[in-house]
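Below you'll find only one chain, the form predicted on its own, shown as structure tokens.
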Amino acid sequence: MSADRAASGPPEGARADWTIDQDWARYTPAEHQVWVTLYERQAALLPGRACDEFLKGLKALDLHGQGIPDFRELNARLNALTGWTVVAVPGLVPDEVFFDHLANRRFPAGRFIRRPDQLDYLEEPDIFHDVFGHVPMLTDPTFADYMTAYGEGGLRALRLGRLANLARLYWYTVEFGLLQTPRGLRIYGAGIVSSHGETEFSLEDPSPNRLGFDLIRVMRTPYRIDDYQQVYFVLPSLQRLLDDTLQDFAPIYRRLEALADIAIEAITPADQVFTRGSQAYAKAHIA
């Protein structure tokens, strides 16, 4: 998502909106090979696990494993489908900049790619996470509209001082969301589909809780940024996500002021439980 930093100004070489040129010609053969390796691993793993909307988007954008995509070619396909474009940024950007891009149907993507020794873990999102993970879902009209609404809502949340609650919505949907389908649970979150390990963990491991999506419940739930998730929230449909996001959040924020957070691993009596996890992974790996 966005950087938790003051918007003192863009770094040297960036425009006022923090965008930079992708400069696709600068990528080395070794960097293209990292993309190919990551792509091939995920392309083999995701059928039957990722939702149809993601897989269709991946095909429509032609994000083949021949190397890092050129944003000029990518945007020609994406913009024709939903009016979105991908813009290169030097790294994480301030919240207001991030939300403004989303509200105007621009997705900020880092242009660097991880090293070969970082295939399975990276602290800061790279171009594989941002493009392979996020952009295919932007080809779906409903999800594309949700992301625009989220950006507009983010700008309002900044003014109301409720960004922490709204960030949880992004985390548990855009990054780590699951979708209920007639064929079982499927992945749509970018943090999962771009991760070899979490693709299997999110759906198949007995450790995490998998709970039905509820807007206020999600906004009361903290999250982990440094390991596999302890809870995943399951959407009944992408339309439900859009509908919930289009409402006025001001009354919701007022309700949240009187409600305590819910522990990450907790299951409440009101939760719809798909999986009551053992939390074994968290107990073994999280201090």
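In this text, residue numbers run from 1 along the sequence as written. This one's a predicted model, so the numbers in the text were calculated from it and none came from an experiment.
Another form, the form predicted together with 7,8-dihydrobiopterin (HBI), is not on view; read the next lines as being about it.
Given that the partner is absent here, does residue 71 sit within 4.5 Å of 7,8-dihydrobiopterin (HBI) in the predicted bound form, heavy atoms only?
No, residue 71 is distant from the partner.
Please tell me whether any heavy atom belonging to residue 167 falls inside 4.5 Å of a heavy atom of 7,8-dihydrobiopterin (HBI), as the geometry stands in the predicted bound form.
Looking in the predicted bound form, residue contacts with 7,8-dihydrobiopterin (HBI) include residue 167, since a heavy atom lies within 4.5 Å.
Hey, in the predicted bound form, is residue 92 touching 7,8-dihydrobiopterin (HBI), heavy atoms inside 4.5 Å?
Yes - in the predicted bound form, heavy atoms of residue 92 and 7,8-dihydrobiopterin (HBI) come within 4.5 Å of each other.
Is residue 153 a contact residue for 7,8-dihydrobiopterin (HBI) in the predicted bound form, using a 4.5 Å heavy atom cut-off?
No, residue 153 sits far enough from 7,8-dihydrobiopterin (HBI) in the predicted bound form that none of its heavy atoms falls within 4.5 Å.
Where does 7,8-dihydrobiopterin (HBI) sit in the predicted bound form: which of 75-83, 135-143, 195-203, 167-175, heavy atoms within 4.5 Å?
Within 4.5 Å of the partner lies stretch 167-175.
Just one of 213, 98, 128, 188 has a heavy atom within 4.5 angstroms of 7,8-dihydrobiopterin (HBI) in the predicted bound form, so which one?
Contact residue from the list: 98.
Are there residues in 220-255 with a heavy atom within 4.5 Å of 7,8-dihydrobiopterin (HBI) in the predicted bound form, and which are they, in order?
Residues within 4.5 Å: none.
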